[in-house]
Ligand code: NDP
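Okay, so here's just one chain, in structure tokens, the form predicted alone.
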Amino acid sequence: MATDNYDYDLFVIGAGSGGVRASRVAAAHGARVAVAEEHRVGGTCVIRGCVPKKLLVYGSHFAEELQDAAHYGWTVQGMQFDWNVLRDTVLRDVDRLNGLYTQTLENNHVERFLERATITGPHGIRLASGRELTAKVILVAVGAWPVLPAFEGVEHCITSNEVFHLPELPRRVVIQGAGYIALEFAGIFNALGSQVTVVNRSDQILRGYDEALRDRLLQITMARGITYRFNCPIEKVVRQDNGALSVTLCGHDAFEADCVLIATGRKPKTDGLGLETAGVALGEKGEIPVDEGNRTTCPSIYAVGDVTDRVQLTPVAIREGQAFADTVFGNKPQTIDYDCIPSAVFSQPPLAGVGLTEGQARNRYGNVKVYTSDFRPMKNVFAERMERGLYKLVVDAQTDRVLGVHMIGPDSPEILQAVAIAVKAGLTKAQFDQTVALHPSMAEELVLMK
């Protein structure tokens, strides 16, 4: 399929989940493909995001589960935690996944350039080494990067990129932000024994998630010892002679911390990429607007994943990469349906949701019915934890169709995946009710609500 006019049929900038999928599939369709990656093959999710973070979540759960073991007859003596062991085990798995992603590219004969690449025109690429290349089609899949606010001493803070490499477990952690990244790390550090303070410029956590679940998570995490300071972002951070950080919040006295983690969002990583040389339009935050076929305002340049103006989730990037490659190189046109995408927050306890929240449903449909189950998970009974789970079904009163399912409690993300199929399929509350319950389980609450 390669043409004599270009070095490659497809040149991909960024070897994350979307870029690797697009490269592999395009090569399988017969295209001559190359990919450039300035960091490590695998992208944010694999190298510095959801995969290593979920492993830290698993590691932190043992603090609670080992304590619970005594109520089930087990005697666990000499319990102690070594941050270095957990950190290094996680990083070894990151290395393993990096190798698997690299092998995938090699097996599909995708040429790799482990250096930064920028765009010089509609078909031009320049590598950091100075080499100039051309491609019939260019795909931008560089993802997003943590945003650092502007305040004095921000250079003493870390982001989610660096948190996996901490030399020791900090005793006192300040986390700025109240989105899913902030609350997941708050849960991890709290479970491992750190004193955690979450600060935020507004008075809300997890904007976009169902309000009842957000309130429940706030109550539970406060009871677990996480401190929240709302409407007061960080004003200044000063490194003291003893190595501690002095943190000043707007309107508050300074207090000490050992680590300040900034988790205030991520920004598409388009700075300095050279997109303007090809006439690629950008949004206000540097995101790349694309059409339903992933094409930018330059006909020969496409974009997928977190760098675009759509949904920043790894499974979405993978589907976009597949659709792009099948459409452009496989003669199998595809578009992505962004409706009913499930999402989860691996907080402690975790929450998950799919479809419309109660507020969104009322705004769109007006007349809705809401069914809830507020229960104490069985695993919390012996552990003497009073934490309660909450499941919620949002239903169109006219058609009985389930518009959304929202859950907080142990294993909610694992349960939700199957439920998302039902919501995507447009099943009704009556069909949920007709399904025999699986007893005893938390999931049975989904088909027992009256």
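When you see a residue number, it is the position in the sequence shown, counting from 1. Just so it is clear, the structure is predicted and the values come from calculations on it, not from any experiment.
Separately, the form predicted together with this ligand exists; it is not shown, and the next lines address it.
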### Query
For the chain shown here without its partner, which stretch in 343 to 351, 243 to 251, 74 to 82, 368 to 376 has non-hydrogen atoms within 4.5 angstroms of this ligand in the model of the complex?
343 to 351
### Message
Just to confirm, with a 4.5 Å cut-off on non-hydrogen atoms, which of I181, I226, C157, L217 contacts this ligand in the model of the complex?
### Response
I181
### Task
Scan G177, P268, G355, G187 and let me know which has any heavy atom within 4.5 Å of this ligand in the model of the complex.
G177
### Message
Residue-level question: is N380 within 4.5 Å of this ligand in the model of the complex, judged on heavy atoms?
### Response
no
### Message
Check L313 for me: does it contact this ligand in the model of the complex (non-hydrogen atoms, 4.5 angstroms)?
### Response
yes
### Query
Is the gap between K136 and this ligand in the model of the complex 4.5 Å or less for some heavy atom pair?
no
### Query
Contact between A263 and this ligand in the model of the complex at 4.5 Å, heavy atoms?
yes
## Note on the structure
Near this ligand in the model of the complex, with a heavy atom at 4.5 Å or closer, the residues from 189 to 219 are N200, R201, S202, Q204, R207
